[in-house]
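The form predicted on its own is given below as one chain in structure tokens.
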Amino acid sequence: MPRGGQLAYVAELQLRKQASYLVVFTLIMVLIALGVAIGFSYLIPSPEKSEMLYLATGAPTMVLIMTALVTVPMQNAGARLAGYLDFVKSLPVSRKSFLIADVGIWAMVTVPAIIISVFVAHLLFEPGYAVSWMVVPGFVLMVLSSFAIGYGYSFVMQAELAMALSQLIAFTALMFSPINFPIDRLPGWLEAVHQVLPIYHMAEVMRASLAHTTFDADPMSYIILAAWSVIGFFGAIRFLERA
């Protein structure tokens, strides 16, 4: 089967399997994005525009994290326990085609939530968006890095451990990651940890893409995200290609 035909076949297979809940997950991500952009503003007594801009640009990042690093790993862990991934491995198609198709489907789930949260935040708060030409390549890089990590650890780790780690990531990303606030508010040791992990750099790239006149992402952020993309997909592909 030609590579293009394989990709279309696997994409159709995954869409049929996931069709019943993809719409639900899309709506959930919309609510999460609006919860960050609007709900968190109630925690700030007199929010300034700079603070609202952190929330408005942090919401899209949170959508990617909750989809790629939490929801997808839980789905993959469940698929492993149910034997579905063994079925996928038995198909006469490239394992990379499965990975590409699945990432594409889940990446599309994030798009409505990101667009809606940005639009609603602009209408309610006028935080000061200034969309950069880097918004598309930046989004692609964030998608690759976040999904690479999500697929990587959910395939490499035992299914039960992957489920537990996904919940830990959800909690730490929401409460202890510099997505909706500046990194210098964190203790020094936690700031140093985030300089290595990808979540902070995802937030930096998103901020620079949506508000480039206010925020500027260091080139190292792009390099670190690219490195995590390679590491994550390498682990995921090794697992899928293992007999």
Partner chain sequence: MAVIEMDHVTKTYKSRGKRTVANDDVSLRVDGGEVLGLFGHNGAGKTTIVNQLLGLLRPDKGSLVIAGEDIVKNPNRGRYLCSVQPQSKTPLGELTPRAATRIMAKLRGVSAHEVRERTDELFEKLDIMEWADVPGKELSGGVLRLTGFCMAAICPGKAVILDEPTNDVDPVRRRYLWNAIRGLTRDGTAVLLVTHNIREAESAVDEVAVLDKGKVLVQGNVQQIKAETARNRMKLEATAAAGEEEFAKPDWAEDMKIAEAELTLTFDRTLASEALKWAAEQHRERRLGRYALTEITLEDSYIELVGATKAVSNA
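Positions refer to the first chain, counted from 1. Quantities reported herein were computed from a predicted structural model and do not represent experimental measurements.
Although it is not shown, the form predicted together with the partner chain is what the next lines describe.
For the candidate set Y9, Y222, F25, F233, a heavy atom within 4.5 Å of the partner chain in the model of the complex is found for exactly one residue, namely Y9. Picking from 85 to 93, 98 to 106, 137 to 145, 122 to 130 the stretch near the partner chain in the model of the complex, with a 4.5 Å limit on heavy atoms, gives 85 to 93. Looking at 12 to 41, the residues that come within 4.5 Å of the partner chain in the model of the complex, counting any heavy atom, are E12, L13, R16, K17, Q18, A19, S20, Y21.
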